[in-house]
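Form predicted on its own, single chain, as structure tokens, below.
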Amino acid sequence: MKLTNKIAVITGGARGIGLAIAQRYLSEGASVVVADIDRGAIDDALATLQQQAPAEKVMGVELNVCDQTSIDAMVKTVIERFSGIDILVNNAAIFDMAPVLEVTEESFDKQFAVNTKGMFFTLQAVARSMVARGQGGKIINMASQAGRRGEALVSVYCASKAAVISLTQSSGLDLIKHRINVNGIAPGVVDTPMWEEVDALFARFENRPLGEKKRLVGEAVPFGRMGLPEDHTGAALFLASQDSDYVVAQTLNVDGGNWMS
């Protein structure tokens, strides 16, 4: 097993890609902390994870990545329980869309607050604890294929995820001297509950029937279908393990061939 005795914190870990990564990390010997803003979803995730591993291997912590006090409290709570953090997966994110002329300041600020600022200051707080501990670590930031390009209806989300890729590069270059590897994963279109909301927004702005956009984007993936949460766990395991010790400041596309960079 590649993560024996490692402690992994996964933000937005109660569902979707985050929960799938938690399950994979457990299977590889890690202890897992599900950090999420939704207490009910945390409890559901813990019930699922505890079917796979002993209760002492899993922990749930409420986390609002937009609140520095909440971030600091999460780090403190995890260290008190497990003595340190070896792996951070910055997975918490939100999505919104609108034509450029209809984007609101509220939507702009919220997307950057969660997707970019929240990601960065969670990274910073965990990295500080890793430096103090002196054992290095692995930090994985979940970006998006949307961060590789612009999209007419998704301007702010694309920009927020482009910033994630850029911050991954800068943080990776700065922190590797502490043997902290910072890298990212850029998913493509992924079949999670959030895509029902995305599909509804496309239906509104592109005047489509519900479900049509989801079908079309799935058919357009060279692999032949939308991604599943489980499709991303191999990359997340690689970037969390010793196999990636010489990988620094990269963002790996895991998108079925949707984007090449």
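Everything quoted here is computed from the prediction, not taken from an experiment. Residue positions are given as counts along the sequence shown, with the first one as 1.
Below: the form predicted in complex with a small molecule, not depicted.
- Candidate site formed by D38, N91 and A143: every one of these residues places a non-hydrogen atom within 4.5 angstroms of the small molecule in the predicted complex.
- Between 169-177, 129-137, 155-163, 99-107, the stretch whose residues reach within 4.5 angstroms of the small molecule in the predicted complex through a non-hydrogen atom is 155-163.
- Taking a 4.5 Å heavy atom cutoff to the small molecule in the predicted complex, the contact residue among P209, P54, P193, G224 is P193.
- For the residues V78, V189, V182, I87, the 4.5 Å heavy atom test against the small molecule in the predicted complex is passed only by V189.
- Among residues of the shown chain, A30 is not one whose heavy atoms approach the small molecule to within 4.5 Å in the predicted complex.
- A14 belongs to the set of residues with a heavy atom inside 4.5 Å of the small molecule in the predicted complex.
- Within this chain, C66 lines the site of the small molecule in the predicted complex, having a heavy atom no more than 4.5 Å away.
- At a distance threshold of 4.5 angstroms between non-hydrogen atoms, A125 is out of contact with the small molecule in the predicted complex.
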